[in-house]
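Only one chain is given next, in structure tokens, and it is the form predicted on its own.
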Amino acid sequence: MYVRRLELTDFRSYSRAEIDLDPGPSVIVGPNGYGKTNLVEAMGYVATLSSHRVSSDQPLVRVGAERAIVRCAIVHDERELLVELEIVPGKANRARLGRAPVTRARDIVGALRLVLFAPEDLALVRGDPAERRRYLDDLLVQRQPRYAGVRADYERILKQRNALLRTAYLARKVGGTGGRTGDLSTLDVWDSHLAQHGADLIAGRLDLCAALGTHVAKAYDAVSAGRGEARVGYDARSWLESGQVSLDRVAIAERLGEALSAARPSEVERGVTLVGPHRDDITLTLGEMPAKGYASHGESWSLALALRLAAFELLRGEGIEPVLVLDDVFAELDTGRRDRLAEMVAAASQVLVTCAVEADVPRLLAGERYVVGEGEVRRGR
């Protein structure tokens, strides 16, 4: 799979941009702040319907414009598919596949498989659990697009359940101990929905973590030149007191339902859902120690890179090789890690590298060259 052409209208800093791409390695070079990352961010948005840089759509639309449009021509098995996406902040995005409109924007997920490694990925190791959950869920959706619906349904149910708990909390706070407590009569129904949809999401995550384990260990060993053993696991302490849980969704739903019942007094007291996959985490260890708080700067970079390379290898091993994007990462790596990374990815069907200093990019990845200037992109030599 590779991206043959990308067209942007009113996306980020571009009023309009067009770029024709080739298979194999390509380098997108230009000064910082001129829009290199905006190009690969647009591709990432087509792949996941989210940005790796911001949590809302508003910054994606050029200042003064009402909407942004991204068109991406994708080639797979010698067939080309055009994906068109209209981003309208505050409203539902609209999309087309092969020039035919789709019912929901999330129906385009799976058309482009893409793995993007960026400086922000250091947060996968050093940041909050939300960063690691997002990594897992984005990969889960790329691996099995149906999880886009599972994820959306769970978030909708969680939002409604939190609203009910919040209303009850505020009523209790205003009414005092002898006053109103709020209507919680429908909480059992929401508990059942949350347990069922949460179990589906958790089962997918557990299966994914198991599949990632070998790839993460192998990638870390290669990037770090054998200096440590990396492991990945799933932390479900918000709803699982101890022991292991099977991948059976019924068993998980039962455990999750029991945990919701046990946590209800605390949830009513605090006005928020305290149990479920939205509070789970990924465990990352190097040797016998947790990576967060113990890994050095270089080790953290190697582990973050290993997580992305593991995602790439997992997707490639399941039939469709994804596009690989390395966004301004070589400046953050020492010479040894640069060369080892280049050796690992040089044979990929398409590798897109962004950089401010072209000398930072190893020769193995010095393919086609694109120069980014003031609001324009041109093929250069």
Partner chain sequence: MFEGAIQDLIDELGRLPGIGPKSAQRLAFHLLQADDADVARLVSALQRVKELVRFCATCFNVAESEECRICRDPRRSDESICVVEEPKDVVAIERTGEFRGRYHVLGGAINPLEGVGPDNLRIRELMARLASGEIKELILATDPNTEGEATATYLALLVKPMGIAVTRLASGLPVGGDLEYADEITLGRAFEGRRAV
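Positions refer to the first chain, counted from 1. Worth saying up front: this structure is predicted, and the values here are computed from it rather than measured.
If you look for the form predicted in complex with the partner chain, you will not find it shown, but the lines that follow are about it.
Go through 214, 261, 283, 192 and name the one with a heavy atom inside 4.5 Å of the partner chain in the predicted bound form.
By the 4.5 Å criterion, the partner-contacting residue is 192.
Considering non-hydrogen atoms and a 4.5 Å limit, which listed residue (100, 174, 163, 92) is close to the partner chain in the predicted bound form?
Answer to the contact question: 163.
Which one, 265-273, 121-129, 229-237, 140-148, holds residues whose non-hydrogen atoms are within 4.5 Å of the partner chain in the predicted bound form?
Comparing against the partner chain in the predicted bound form, the contact stretch is 140-148.
Would residue 157 sit within 4.5 Å of the partner chain in the predicted bound form, counting heavy atoms only?
Yes - in the predicted bound form, heavy atoms of residue 157 and the partner chain come within 4.5 Å of each other.
Using a 4.5 Å heavy atom cut-off, state whether residue 218 contacts the partner chain in the predicted bound form.
Heavy-atom contact with the partner chain at 4.5 Å: absent for residue 218.
Does the partner chain come within 4.5 Å of any heavy atom of residue 76 in the predicted bound form?
Because no heavy atom of residue 76 falls inside 4.5 Å of the partner chain in the predicted bound form, the answer is no.
Would you classify residue 153 as touching the partner chain in the predicted bound form, given a 4.5 Å non-hydrogen atom cut-off?
Output for residue 153 is yes: heavy atoms within 4.5 Å of the partner chain.
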